[in-house]
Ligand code: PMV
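Take a look at this single chain, the form predicted on its own, given in structure tokens.
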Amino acid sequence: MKAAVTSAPAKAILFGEHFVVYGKPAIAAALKRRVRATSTLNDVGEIRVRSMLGYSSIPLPCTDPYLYEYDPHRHIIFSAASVMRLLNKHVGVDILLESDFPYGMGLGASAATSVATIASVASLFGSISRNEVFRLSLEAERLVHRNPSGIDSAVCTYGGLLLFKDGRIERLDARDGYNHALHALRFMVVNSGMVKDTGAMVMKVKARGESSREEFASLAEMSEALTMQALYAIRCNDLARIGELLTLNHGLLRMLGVSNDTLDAIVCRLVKNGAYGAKLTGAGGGGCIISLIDEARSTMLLNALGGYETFISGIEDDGVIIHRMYT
């Protein structure tokens, strides 16, 4: 049986979430946790998906995404169907998704699953470029997040530490002076246990921008200033300053209205117990907190967190990976 196994990394937005949709810069990183996609051909003419979200089965050709818009795997079905249309293939595919990190917690699971799926299904029939993987993933993300910035799909496709600025995507670690960041930055990611709704948070921010234009513009300028200061601090390997800016960025997101008491308390506990800094990552309203740490203090931090699910990660250099093909 012909099969292809691929994977794509989790992501964390370090600076600039929400405002990147409005043209402001952002910095994001791939993390060392992955989603794996295993695709195999079937002879029943269906796209069948199994993951921690359950099981779905949709007959080909799957040309109208509105026919399955309420399916929990709609972006995966759309991703697989898009690849097959691109490659002019019309056969059934089974897709198994397995993840090292939680869904719905601000770590880019929807983008990682779509990126891994696209690469896996494409590998059954040939290959496509990473740029095509990114483009198809961004189309799939629109089913989930309405108006995505492209950050999640880009990080999950290309890996590394990325800067989004002026409509361009650049790997920072490819710049002179930033290579150390791949090795110097260590993060503790804390799962708040509160499932977020990215679409709802994005719409909340949009409404805030429309109702309070001057205040929103001021917050957007503050976000840009924090991001550009962080860019310099990363180049200087100034961990204390990066951490301070992370915490300031969380305060900005709190002012924007996308934090809550639980997330604020986790940030406070991390900083109080030795993290350089911490902030929510992603849309907010729940999800995960990311903190910059010295690993020597990780035990103290774990003890202070009182049972929250956590993991420690550096920056993942690789984006989507094709692991193996077999028949």
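We number the residues from 1 along the sequence you see. Given the structure is predicted, the values throughout are model-derived calculations rather than measurements.
Separately, the form predicted in complex with the named molecule exists; it is not shown, and the next lines address it.
Taking a 4.5 Å heavy atom cutoff to the named molecule in the model of the complex, the contact residue among Leu252, Leu182, Leu143, Ile151 is Ile151. Heavy atoms within 4.5 Å of the named molecule in the model of the complex are found in one stretch of 123-131, 186-194, 101-109, 233-241, which is 101-109.
In the model of the complex, the named molecule lies within 4.5 Å of some heavy atom of Val202.
At a distance threshold of 4.5 angstroms between non-hydrogen atoms, Ile293 is out of contact with the named molecule in the model of the complex. The named molecule in the model of the complex comes within 4.5 Å of a heavy atom belonging to Val21. The shortest heavy atom separation between Ile13 and the named molecule in the model of the complex is within 4.5 Å.
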